[in-house]
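The structure tokens that follow cover one protein chain in two forms, given apart as structure 1 and structure 2.
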Structure 1
Amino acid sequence: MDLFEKEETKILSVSQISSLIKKIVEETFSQVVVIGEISNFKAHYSGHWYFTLKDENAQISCTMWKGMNSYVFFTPQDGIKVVVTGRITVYPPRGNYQIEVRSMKPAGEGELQAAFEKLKRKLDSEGLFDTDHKKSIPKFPEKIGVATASDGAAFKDMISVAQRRFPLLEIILRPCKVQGEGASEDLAKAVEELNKLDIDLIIIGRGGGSLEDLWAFNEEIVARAIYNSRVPVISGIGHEIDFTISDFVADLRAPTPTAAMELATPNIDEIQSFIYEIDRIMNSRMDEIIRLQSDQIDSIMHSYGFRIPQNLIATKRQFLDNIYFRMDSSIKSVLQQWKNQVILLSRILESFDINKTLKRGFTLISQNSRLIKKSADLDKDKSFNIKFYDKMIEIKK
């Protein structure tokens, strides 16, 4: 329609012209990809996001509904350059237009790094990284809570380390997402839930990955959950070269998930060596005390002014014998207690040997790399494995 016809120009109402503009704009720009810098970002309590996308010459309002923004793996911040995909929509009551954003991603890894540094400075200024706030890690934990993916290699490695170093340990897994949609919220919730349990320590972590893969551990919601934890937290995220916001807030940072479990658990071999060393030291000390007492008696007996009757010598010798007897009894009692403890630990270690159990005629049934503990857990329509002492047999369906 030509709105500027020379003959009998048609007069339109405001609503009519607005509707025409809306139709033309929305049909023309039904799919746009725009790069710009975020400003005035607001996350509404309803879950929707409202912000402005700008460059040096212009700006445009943007809206991203809750159902769409749940797929964004990072929390947008003012000043971060992003690439958005969406459509242009017009709002006739106000006569303005905006981008209805369907997807968003950082314009590059540099933008993620900038967001990382910005949040790091903010939390550091608030004292979340202060050493005065960090809690000490227990030397002999009985229960450790782990927040990580249940099917990841990181958790399997942690289990292996715990069984080797301190098999008396009880591990409580709170499975959670470690990347992608909703991962940061799930990690924060996992820390809060583990704090409600009777545990001595929390390990939060995952295996290696890109900066984007590890981003959930750079979110403010996770950092504050770790900071507010009453239970000490060890972070073991990615590889040794990877650093996240969670590492700075945690009470102790480990370079990898495996190293986190090593730092969290004592080594039973070292405990046994310590007991043997104490035994040696106490025996040596006992011999030294006896020698000093004997030297003192010899000094008295050979002194120039020694005029003490024979019964005084006998009394001193008896006194020395009594000291020796009491010390010997006390030390033997303590050593026996330690030896009993070592024997108990050794027997418990032996009880963990699954091969001995299999030799007695038992078998292990697994399906999809998961141990089947009860009949209800077995999917009878799928193949499963039966492990005997000498070999593994696959039962195919």
Structure 2
Amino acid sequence: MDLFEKEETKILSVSQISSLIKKIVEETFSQVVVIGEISNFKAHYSGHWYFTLKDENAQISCTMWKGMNSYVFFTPQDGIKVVVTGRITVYPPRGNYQIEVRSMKPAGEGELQAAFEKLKRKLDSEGLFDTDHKKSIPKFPEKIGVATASDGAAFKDMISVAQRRFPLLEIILRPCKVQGEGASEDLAKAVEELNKLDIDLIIIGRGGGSLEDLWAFNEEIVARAIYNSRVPVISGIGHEIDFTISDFVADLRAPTPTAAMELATPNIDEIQSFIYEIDRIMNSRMDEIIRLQSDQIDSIMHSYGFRIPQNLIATKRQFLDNIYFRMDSSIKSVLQQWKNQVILLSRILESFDINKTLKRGFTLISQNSRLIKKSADLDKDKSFNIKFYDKMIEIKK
């Protein structure tokens, strides 16, 4: 080999060669789509993301700027396989190259599931799902805070459930973004804001949707906000089959937002029949108490002590009755004697009856209503009466 021939090739500075590489690489790879597994994921406080994509044999650095990453509906985690779209940029000061990512999506639904399982395991091991930490749901809430979309069907359904079951309720809606850019942050903030109010319960939820639509509820930030909530939280997210991380952290998981309101509210009809039942118990018990008390009075009145005066009265009455009967019978016998006497006398009188004498032809002369017993008593110049046995005649003068 001829050593001097090499001396004729142009000598480039590091900067020059780096610049050439940068130009060639960036022109060639201005649009790449790369699949790989995320590792060393870091969300910088500035909002930018830094991570590495790798497979079995190679790895490549990646950046995703703040404005871009807000469109990613999920928060990337190490170990998750993603498909990123972007361009290759070369950074001469460090002599390295990276993918500047414009968009990112999970390599498949299985990857989201894996991310879900991974976060679930992590939070579980931290104790976020512990039953000991779960707060009890108040039986008769007065105020319920609701974190959901203000224009969604879910909220309308919740209102109609509350109206039907427990109209004594006050509902305080914290309108939320429930999917897409910034949804998880908004939901977390909503839970924090509702915690500042004097409320008894929080319902967090949304209607059904795809796994992607529901993803905000699988984010760590929402899970932690629910865990840190002072107020008990019921989750009602999607349909019955959908389970989110939020559901595991919530104090109570409802299969749907409608069901969440059902679980949160007592049934007014049941309360009303409960009160009617108490009314009935109180009334019958009061009747019973009054009956018992009056029975007691009766039994005292019939006791031996209270019977003594009555017995005394009865004895005296009997005594009086006896006296009466005795007096009665003795007066009767006295009267009978008198009666006999009268009969006897009237028989004697009968024997002197004047009519019998008159019938035999005698008459009675009377003048001035006086019987004339001797001729000298009669005034011959005046009228007088002659009484025969059958009638009396007047002799007029």
Partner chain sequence: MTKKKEKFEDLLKRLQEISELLEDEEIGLDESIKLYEEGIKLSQLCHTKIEEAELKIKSLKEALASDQTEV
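For clarity, a rigid core is taken as the largest C-alpha set superposing within 1.5 Å between two forms. By convention here, residues take numbers in order along the sequence of structure 1, the first being 1. Quick caveat: nothing in here was measured; it's all calculated off a predicted structure.
Assignment of forms: the chain in structure 2 is the form predicted in complex with its partner chain, the chain in structure 1 is not. In a rigid-core overlay of the protein, residue 387 has its C-alpha displaced by at least 2 Å between structure 1 and structure 2. Residue 279: CA moves 2 Å or more between structure 1 and structure 2 after rigid-core fitting. After superposing the rigid core, the C-alpha of residue 21 moves by less than 2 Å between structure 1 and structure 2.
CA movement of residue 292 between structure 1 and structure 2 equals 7.4 Å, with the two forms superposed on the rigid core.
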